[in-house]
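Before any questions on binding or motion, here is one chain by itself as structure tokens, the form predicted on its own.
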Amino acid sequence: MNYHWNWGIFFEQIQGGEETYLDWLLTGFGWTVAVSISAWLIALLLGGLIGVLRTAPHRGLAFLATCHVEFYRNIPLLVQMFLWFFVVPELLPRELSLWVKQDMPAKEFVTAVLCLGLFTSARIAEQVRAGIQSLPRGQRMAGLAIGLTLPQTYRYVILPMAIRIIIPPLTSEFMNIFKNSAVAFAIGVMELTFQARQMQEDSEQGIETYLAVTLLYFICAFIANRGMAFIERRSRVPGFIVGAK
């Protein structure tokens, strides 16, 4: 192999600037975390609501929730990113459209967060629905029988147990949202993949660049995994969910 290894490339200054290549990667890492965490908050709140509505006795609400899930789950994330960035502004009223395209602060970041959050919310909604439907029907009936309203039954009886059941798949979604954030480079967000492409083109040290980026994505996913595992252990109900031996 004739490749010239240069692990010191990260500490070299970029051509024509004062920053180092490591600064580029750390900046991208920061944007990756910011996009992922912001999108995760949207996905968790909206996905939980949509998942509950999918199990509601009101057919109209359940139908609207199902439409949300099917729309965002069946279109590739990259296509959705382009739709939000290029198409949606053209469908807005003229003044609002001009503001979004020309004056909106952090347009790329906001678009990436909304798109990734909505995409992930559809997946979380299905997990919430599955968690609720896995519970015995008697729990809902018992809550209603003691005088709780349906929303109170969901809040105090059904959701606390359903959420504990779906923590493992939620862990996977939390890890995936960091990896899926790489798609944001396509609309100009200066996240990790965007910076890696710039560093590769500028330094011509592609192997070192992508090995470093791989490590940073691994760190994100690993911390997310360990954090969710801690939450799962702390929220476990003895006798209801049996931990792995």
Partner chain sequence: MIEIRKVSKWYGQFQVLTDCSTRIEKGEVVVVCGPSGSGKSTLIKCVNGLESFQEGEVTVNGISVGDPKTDLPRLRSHVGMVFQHFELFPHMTITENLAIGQVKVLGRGKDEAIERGLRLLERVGLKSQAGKYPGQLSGGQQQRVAIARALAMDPICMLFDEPTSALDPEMINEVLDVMVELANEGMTMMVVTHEMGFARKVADRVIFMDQGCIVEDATKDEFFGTPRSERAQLFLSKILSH
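Positions refer to the first chain, counted from 1. Note that this is a predicted model, so its numbers are computed, not measured.
Keep in mind the form predicted together with the partner chain is missing from the figure; the text below concerns it.
- The shortest heavy atom separation between G147 and the partner chain in the predicted bound form is within 4.5 Å.
- The shortest heavy atom separation between V157 and the partner chain in the predicted bound form is within 4.5 Å.
- Not displayed here, the partner chain is kept clear of L91 by more than 4.5 Å at the level of heavy atoms in the predicted bound form.
- Residue contact check for S97: none of its heavy atoms lie within 4.5 Å of the partner chain in the predicted bound form.
- With the partner chain omitted here, the record of contacts in the predicted bound form names 132-140 of 98-106, 132-140, 113-121, 76-84, defined by a heavy atom within 4.5 Å.
- Contacts between stretch 161-181 and the partner chain, counted in the predicted bound form as any heavy atom lying within 4.5 Å, involve M161, R164, listed in sequence order.
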